[in-house]
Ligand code: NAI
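Before any questions on binding or motion, here is one chain by itself as structure tokens, the form predicted alone.
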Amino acid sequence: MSDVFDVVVIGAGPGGYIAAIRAAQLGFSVACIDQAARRDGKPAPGGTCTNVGCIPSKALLQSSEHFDMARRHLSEHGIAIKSVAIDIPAMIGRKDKIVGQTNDGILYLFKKNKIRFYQGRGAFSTRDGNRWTLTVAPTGIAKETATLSAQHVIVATGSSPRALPNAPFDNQYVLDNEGALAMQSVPKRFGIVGAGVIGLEMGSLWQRLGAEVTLLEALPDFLSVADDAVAKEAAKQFKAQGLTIHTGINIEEVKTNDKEVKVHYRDSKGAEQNVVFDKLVVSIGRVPNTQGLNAEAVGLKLDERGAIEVDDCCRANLPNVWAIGDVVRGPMLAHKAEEEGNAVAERIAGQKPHVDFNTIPYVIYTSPEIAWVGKNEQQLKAEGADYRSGRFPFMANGRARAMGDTRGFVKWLADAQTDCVLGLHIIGPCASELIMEGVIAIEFGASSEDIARICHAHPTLAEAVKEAALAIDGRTLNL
């Protein structure tokens, strides 16, 4: 006998649980399936973001920033500390507690919105007209296989880290993001393959705690996805902090023994190099989680990467089947998945929402933080666009000086003819929060003059955003 629902969501990550909640708010009967389990077998909804990604990494980054502040910067504030020690197991324990609280918060939201939660691995079984039968193989503390009937199915199964060829993750010496967030001690020699978002955040985290960090990046340019000016400033800041970053690297072999990892690679000039690490994190991208869905049996179409093929509205090739988040095209970001989940639930209800990929912000939670939205300067140059730019340093911002963090700058890009905002790029304190001015500006078609004429509270970091908009017309007031 099947449990019958209007909407069944497979996956309770940021996209999946938001889709389930919005569908329930719209009056549908909803179930959500998720296989993740905690050490005690209890459900662990929230996906990679909550369990081994966004939330735990930010918890540890915050802890490492406090340690670095106490060790190197509190004396600037007249606070004297004779000695500072780090307790890594306690730090990891705090991170685990925050993850558990977030898991429980999602389960509470399911209960509050009358969403039926199933712990297990969901898969397509059969189709009867426009209805789907799904099976749920139990995981964790769940004991029984369940059969569900759904009019609509939303697949939100996320992604998994990509391993190097012939160097599988063992999470003892060769680590994925989960392993990098669970180490119980600081490795002396810490290697990272990939200097993208995950690599830079993990490198910053463990460098602050005392590791000697080396990042090996395959691309010839550092942080090529960011605006050139931001990337150059970031490289300068990370070098000053002690991170060693090599670009144009070709990894040829990774070997482990019972105490270390040996990496053989060719550098940007083609010369052979060998380096030894105590731990090696591999962060070279992620692959969609579509195995186990029984996709081939029901005819669910996948692309060459294994992602589910969808149209602009996240519809798959099968009737009443939708897919969102990391398992489809587009940036693998939690907030992108959330927006798609919300939009799909509303489309099922007959509404007309939209998700604009051009206004999805990108953030790297290093210190200083890096954030951007819209187009960068090299993209505009490649397009032959007629544009103007305005830039303002945090060094000239009173709040930044009071905080003791004046690194970086704010940079606006605007159309030279219409003054319409084309992009915002920030490296500096609280960039992750300040970037929303750019998101809103682009979404609502604002001009740089609009930003420049809006009153910003004083003293705030946001004044640097206003001053950078003023700089487009060459009329900064505090520089």
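All residue numbers refer to positions in the sequence shown, first residue = 1. What you see is a predicted model; the values in this text were computed from it and never measured.
The same protein has a further form, the form predicted in complex with the named molecule, not shown here; the description that follows concerns it.
- None of 162 to 170, 302 to 310, 101 to 109, 402 to 410 except one has non-hydrogen atoms within 4.5 angstroms of the named molecule in the predicted complex; the exception is 162 to 170.
- V197 is the sole member of A349, A396, I92, V197 with a non-hydrogen atom within 4.5 Å of the named molecule in the predicted complex.
- Proximity to the named molecule in the predicted complex, defined as a heavy atom within 4.5 Å, holds among I79, A385, A182, A218 only for A218.
- Contact annotation for K42: none of its heavy atoms lies within 4.5 Å of the named molecule in the predicted complex.
- Taking the partner from elsewhere, V321 is found to have every heavy atom lying beyond 4.5 Å of the named molecule in the predicted complex.
- In the predicted complex, the named molecule lies farther than 4.5 Å from every heavy atom of E233.
- The shortest heavy atom separation between G242 and the named molecule in the predicted complex exceeds 4.5 Å.
- In the predicted complex, K58 is the single residue of 53 to 76 with at least one heavy atom within 4.5 Å of the named molecule.
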